[in-house]
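Here we start with a single chain on its own, the form predicted alone, put down as structure tokens.
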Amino acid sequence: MIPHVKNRPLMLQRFPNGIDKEGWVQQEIGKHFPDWIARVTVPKSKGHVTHPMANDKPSLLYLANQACITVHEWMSRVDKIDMPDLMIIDLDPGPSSSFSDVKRAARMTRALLDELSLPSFVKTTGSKGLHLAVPLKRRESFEEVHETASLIGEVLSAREPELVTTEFRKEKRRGRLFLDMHRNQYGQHAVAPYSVRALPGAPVSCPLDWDELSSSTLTAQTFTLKNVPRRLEGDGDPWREIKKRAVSLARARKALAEMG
């Protein structure tokens, strides 16, 4: 988990009374956090927020000891806070969507990304859907990355209008799978790879190999706190080479504009 979250501002979901009781979201680092926990102060719409980071194992252990179950990460790192190194496409199933629909949407999205010569990595969210990640060289701003992601969503929804939608309002989605591109904006976040979710069974947001989508038993909650350690011991992290595949979005943005 550490290579994926290192030097990223974090948002914490804490449940000191257990997951069957109401927890809370924490962005501002607690005053009681020790000095050795890395932190970064970033501008927000109203002032500034100082986020904690988890750059090493002791920091992760400290967060766990603070009843933090789920860690959400920014799409950028502190040395270039305005330049994302990830573009995230969140496949959020509707009430009538099956996980087969989610996997179909993932393959469809990957096919478009292949057309655009963009590498893609996939992981379960540990909740309901899948995340696709495109690693970036940090040459584009959040605004440019969000614009590119939005264009990708428009093309996908035009190709499969009965399956997916970019409609933000739930009542207008008509049960279709939501292509959530809004995580690619400044200050937004997504569940971190290998983070546990605050759900029964302790499901984990787990990076996958693409061929694992062919499994009929795969769901968003297949991987848990119990089976992920054994998985990593055997096959390692499917995302371990993600940084080496980083790309610029300039050509893809031009190609998407021509598609439109």
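Everything numeric here is computed off the predicted structure, so don't read it as measured data. Residue numbers run from 1 along the displayed sequence.
Not on display, but discussed next: the form predicted in complex with the DNA.
Looking at residue 222, you'd find every heavy atom of it more than 4.5 angstroms from the DNA in the model of the complex. Residue 59 falls outside the set of residues with a heavy atom inside 4.5 Å of the DNA in the model of the complex. Residue contact check for residue 188: one or more of its heavy atoms lie within 4.5 Å of the DNA in the model of the complex. At the 4.5 Å threshold, heavy atoms of residue 66 reach the DNA in the model of the complex.
The contact residue chosen from 39, 226, 44, 231 relative to the DNA in the model of the complex is 44, the criterion being a non-hydrogen atom within 4.5 angstroms. Comment: the DNA is not present in this chain, but in the model of the complex one of 139, 80, 159, 170 has a heavy atom within 4.5 Å of it, namely 170.
Listed stretches are 23 to 31, 231 to 239, 208 to 216, 191 to 199; the contact stretch with the DNA in the model of the complex is 23 to 31, by a heavy atom cutoff of 4.5 Å.
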